[in-house]
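The chain below stands alone and is given as structure tokens, in the form predicted alone.
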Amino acid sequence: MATEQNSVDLVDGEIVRQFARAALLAALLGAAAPVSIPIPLSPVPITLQVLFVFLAGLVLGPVWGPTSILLYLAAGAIGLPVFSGMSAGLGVLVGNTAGYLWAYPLAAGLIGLMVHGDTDLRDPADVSLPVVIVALVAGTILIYGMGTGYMAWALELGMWEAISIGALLFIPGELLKIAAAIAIVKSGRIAPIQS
């Protein structure tokens, strides 16, 4: 009996490094799940997860940032308790606050595209502050737009009521997360892997 030997092409080292960084950021996003503060007026809790969505877009860019968030969503879908309040499962991905979760990869992609311009990553510490701020605000608007829109549909709320309980309450916290994301990337301690 003859044995056939074929060579296998190895995955490029840069792809392995980027995937490892995406997986690490997905793990950090999931690790933020216990930090979930319920608000009596809203079905949406206060979490730190949006900070990691910001970092995914800023550091990993428009391709690997959304990939990182999709890894996070997949982990939660298969039952790992990575969603707010240590929840998990497919039910969370179709529940009242699912719009926020599904907006995360889109926001990371938008932020990455606005900061990096394309798939060639640049150090976000070198990007002008106004560009970073506009990118983070745009990502925030996308997250809260999709989140409140979906919540309004799921809970049969009027749009103003959904915005009031699903977005306006969170503005001060989002401003702090934007400031924290800017401070982290402008410190120069975290930089994308250059091609």
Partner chain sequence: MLTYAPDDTLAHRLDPRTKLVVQIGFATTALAHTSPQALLALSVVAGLILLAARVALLEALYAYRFALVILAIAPLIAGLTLGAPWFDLTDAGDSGRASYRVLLILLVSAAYVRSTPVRASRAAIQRTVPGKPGQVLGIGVALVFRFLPVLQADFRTIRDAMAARLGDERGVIERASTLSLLALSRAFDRADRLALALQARCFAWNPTLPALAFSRADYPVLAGAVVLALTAFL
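Positions refer to the first chain, counted from 1. Worth saying up front: this structure is predicted, and the values here are computed from it rather than measured.
There is another form of the same protein, the form predicted together with its partner chain; it is not shown, and what comes next is about it.
K.L.:
Is there any non-hydrogen atom of F52 lying within 4.5 Å of its partner chain in the model of the complex?
P.N.:
Yes - in the model of the complex, heavy atoms of F52 and its partner chain come within 4.5 Å of each other.
K.L.:
Mark V59 yes when one of its heavy atoms lies within 4.5 Å of a heavy atom of its partner chain in the model of the complex, and no otherwise.
P.N.:
Residue-level check for V59: yes, a contact with its partner chain.
K.L.:
Closest heavy atom of G95 to its partner chain in the model of the complex, within 4.5 Å or not?
P.N.:
Looking in the model of the complex, residue contacts with its partner chain include G95, since a heavy atom lies within 4.5 Å.
K.L.:
I'd like to check something about A125: if you look in the model of the complex, is any of its heavy atoms closer than or equal to 4.5 Å to a heavy atom of its partner chain?
P.N.:
A125: no, not in contact with its partner chain in the model of the complex.
K.L.:
If you check I141, V131, V63, A32 against its partner chain in the model of the complex, which one has a heavy atom within 4.5 Å?
P.N.:
So the residue touching its partner chain in the model of the complex, by this definition, is A32.
K.L.:
Any residue of 154-181 with a heavy atom within 4.5 Å of its partner chain in the model of the complex counts; write them all down in order.
P.N.:
Those in contact are A154, L155, E156, L157, E161, S164, I165, L176, A179, A180.
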